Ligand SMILES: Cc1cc2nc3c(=O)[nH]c(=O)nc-3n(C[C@H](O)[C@H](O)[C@H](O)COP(=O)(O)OP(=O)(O)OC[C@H]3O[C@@H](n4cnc5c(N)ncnc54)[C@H](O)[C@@H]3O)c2cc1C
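Here we start with a single chain on its own, the form predicted on its own, put down as structure tokens.
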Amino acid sequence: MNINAVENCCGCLLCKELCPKKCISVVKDDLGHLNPRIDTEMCIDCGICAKSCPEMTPISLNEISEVFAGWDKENTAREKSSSGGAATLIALKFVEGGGIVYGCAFVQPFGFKHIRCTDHESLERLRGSKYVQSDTQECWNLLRADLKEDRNVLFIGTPCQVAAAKRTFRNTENLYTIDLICHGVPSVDMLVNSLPKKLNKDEVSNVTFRDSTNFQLKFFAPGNNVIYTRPLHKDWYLKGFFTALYYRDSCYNCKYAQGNRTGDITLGDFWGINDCCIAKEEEKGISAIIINSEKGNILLSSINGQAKLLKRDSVEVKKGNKQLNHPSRKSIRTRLFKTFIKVFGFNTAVKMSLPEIAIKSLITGLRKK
């Protein structure tokens, strides 16, 4: 059996890196999602790809043990992060202790990949939520080599990417993992197709998707100069993202979008806290910190002095994060979008797939005039 039999590829491409015959190539589907394809003439049916696939051979999941709402006490990490800054604090402590961190960063030319970080400067590139799928294929061999050398490694990614990380090497004693509460992932092609033609993608040195709880796309040139900004009410890419319009097919059937988790810690936004004393902090960003293992306790204890931590319950955090209960739902809109984009292009296809949102945006725009 090989990965040609997989029905819901999550795009980790671990199979490609582990294939001993190097007979797996990468192809794009109609929406730009990366998928593996095997050259059956070269394949020796060793089964390594199927055994490594987090979809064909799912990993065992961890039960939630504790839940915290948290944020950086000094606000330094919090101000630059999407929520409370917990991921940044943990990652900084990890590299200070001699560990290695893998996470998603913007890379030139225009793309998003998992990179290897060993210092504060490289960790800066991991800051902020990224509403697009990260290409992980180049990190797997590096991660395996680090684990083989008994280096402490922290891998941060979506639940399926964390599952893939746990498949890279048998001995994962020194592998620590953080899975992110994930809605689903669009391809980089969808983001590129949403951009105006006047924007030179080759000049872009970084992209951010939100400033704390304020959702807006910002594109930066070298020197951290903003060259293009698109707020949520004008952004059809973000509207499509939040309505689950063009995720990978596997996202709509994700076996990891549930209460039991792949990571030692699960991180995300803590929305809708039922406590007026804490709720006032929500505008500044609050991290949902979910402990799933003893390694998770070790990671959290490393930032005890820097983070404000308030114990909450799992019911509350699940109420504000639907992906802790079930995957995003696929609707007729997704099928419509796949048809419309071939004829009308990205922005028009989104508007036609979301007519009620398009009408509302038009009315809002007219009122502002």
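Given the structure is predicted, the values throughout are model-derived calculations rather than measurements. The first residue of the sequence shown is number 1, and the count goes up from there.
From this point on, the text means the form predicted in complex with the ligand, which you will not see here.
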Would V95 sit within 4.5 Å of the ligand in the predicted bound form, counting heavy atoms only?
no
Does any part of G128 reach within 4.5 Å of the ligand in the predicted bound form? Heavy atoms only, please.
yes
Is F241 close enough to touch the ligand in the predicted bound form, meaning at least one heavy atom pair within 4.5 Å?
yes
Should G103 be classed as touching the ligand in the predicted bound form when contacts are defined as heavy atoms within 4.5 Å?
yes
Here the chain appears without its partner; judged in the predicted bound form, the stretch of 24-32, 316-324, 333-341, 301-309 with heavy atoms within 4.5 Å of the ligand is 316-324
Which one, R248, R167, R261, H114, lies within 4.5 Å of the ligand in the predicted bound form by heavy atoms?
H114
None of E203, D189, D211, D269 but one has a heavy atom within 4.5 Å of the ligand in the predicted bound form; the exception is D269
Is it the case that N2, P54 and C160 all touch the ligand in the predicted bound form, with a non-hydrogen atom of each within 4.5 angstroms?
no
Would you give me the residues of 161-189 that have any heavy atom within 4.5 Å of the ligand in the predicted bound form, in order from first to last?
Q161, L180, I181, C182, H183, G184, V185
